[in-house]
Structures are given as C-alpha cells and as structure tokens.
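There is one chain below, alone, in structure tokens, taken in the form predicted alone.
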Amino acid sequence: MAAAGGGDGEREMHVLAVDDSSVDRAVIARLLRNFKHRVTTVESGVRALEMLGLEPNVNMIITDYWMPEMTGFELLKRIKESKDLKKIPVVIMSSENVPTRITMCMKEGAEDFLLKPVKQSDVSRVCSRMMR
C-alpha cells in the first residue's frame, strides 16, 4: 500500500463530511479529494444520520462541532451508540480551541479533533492513520 498522498495503490475511502457552512464543506471535500477519497457532504447532523441510514458504507466521518439542530458532539454520541455505525471513525472539527471540549469528544470516542482552518497536513495525518 502506498503512503497517504493519493497514490494509485491506495484503497479509496468514502468520507462523510458534515458542516453547516457551505464554504467549510467545500474546503474539507477538496482536501479529501486531493487524496483521491470519495466524499459525500451534508449540512447537518440530522442529514448525516439520514444518509448513514441509506448508505452506511462510510469509512470515516468528519464533522463540525457547532451546528444547528445537532452538534458534532451529539452526532458523535449517536454514532457511537449505534450497533451498526459505532465502528466508523469520527473526526471533530472546530474553530475554537477549547481543551475541555476536545477532551470530552476524545473520551466519547472521537478519532481526532482538528482545529479550523483544516490544513492538508491535518487531512494527511488523519487519513494515513485510517488507512492502516
């Protein structure tokens, strides 16, 4: 298997990107597609759960922390409580560096916590860990 970076030998991951900001959804989708991953974007935690009900074949979820209706933390909890979805790694993103929030998400089962603006190096690190 090639090192993370979009080489032809890598398996394609399907990533669900969840963010209420259309700009942030586009940025994270572009960063993930640079690594040749298939990306589905949705604008809320509610839509993410609906999508996962229709297409549970997702290898990773990257979600914003602050969203209307359902926060990324609430989405994380719902996924980790589901017998069908709990094995999907969840990465939380936020523009706020709040150590207690980061710790809370990690204790609840988040794979990682990325600070916005998310950089290509952040995506590379997370994706290479998921590919192992």
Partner chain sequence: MDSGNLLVPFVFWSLTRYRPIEGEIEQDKSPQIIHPFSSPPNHGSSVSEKERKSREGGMDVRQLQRQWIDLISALFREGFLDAQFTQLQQLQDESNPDFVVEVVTLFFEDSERVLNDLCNVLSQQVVDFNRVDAHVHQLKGSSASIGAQRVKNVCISFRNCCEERNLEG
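Only a predicted model underlies this, so the values are computations on that prediction, with no experimental measurement involved. Numbering follows the first chain given and starts at 1.
The discussion below concerns the form predicted in complex with its partner chain, not included here.
**OP:** Quick one: find which of 103 to 111, 51 to 59, 78 to 86, 31 to 39 has residues within 4.5 Å of its partner chain in the predicted bound form by heavy atom distance.
**Re:** After filtering at 4.5 Å, what remains is 31 to 39.
Subject >> Residue contact check: T71 to its partner chain in the predicted bound form, 4.5 Å heavy atom >> reply: No - in the predicted bound form, heavy atoms of T71 and its partner chain never come within 4.5 Å of each other.
Subject >> Close approach of S44 to its partner chain in the predicted bound form, 4.5 Å, heavy atom >> reply: Result no; S44 lies far from its partner chain in the predicted bound form.
**OP:** Find out whether any non-hydrogen atom of K119 is located within 4.5 angstroms of its partner chain in the predicted bound form, and reply yes or no.
**Re:** Contact with its partner chain, yes.
Original post:
Even though the chain is shown alone, can you say which residues of 61 to 87 have a heavy atom within 4.5 Å of its partner chain in the predicted bound form?
Top reply: Stretch hits: a single one, W66.
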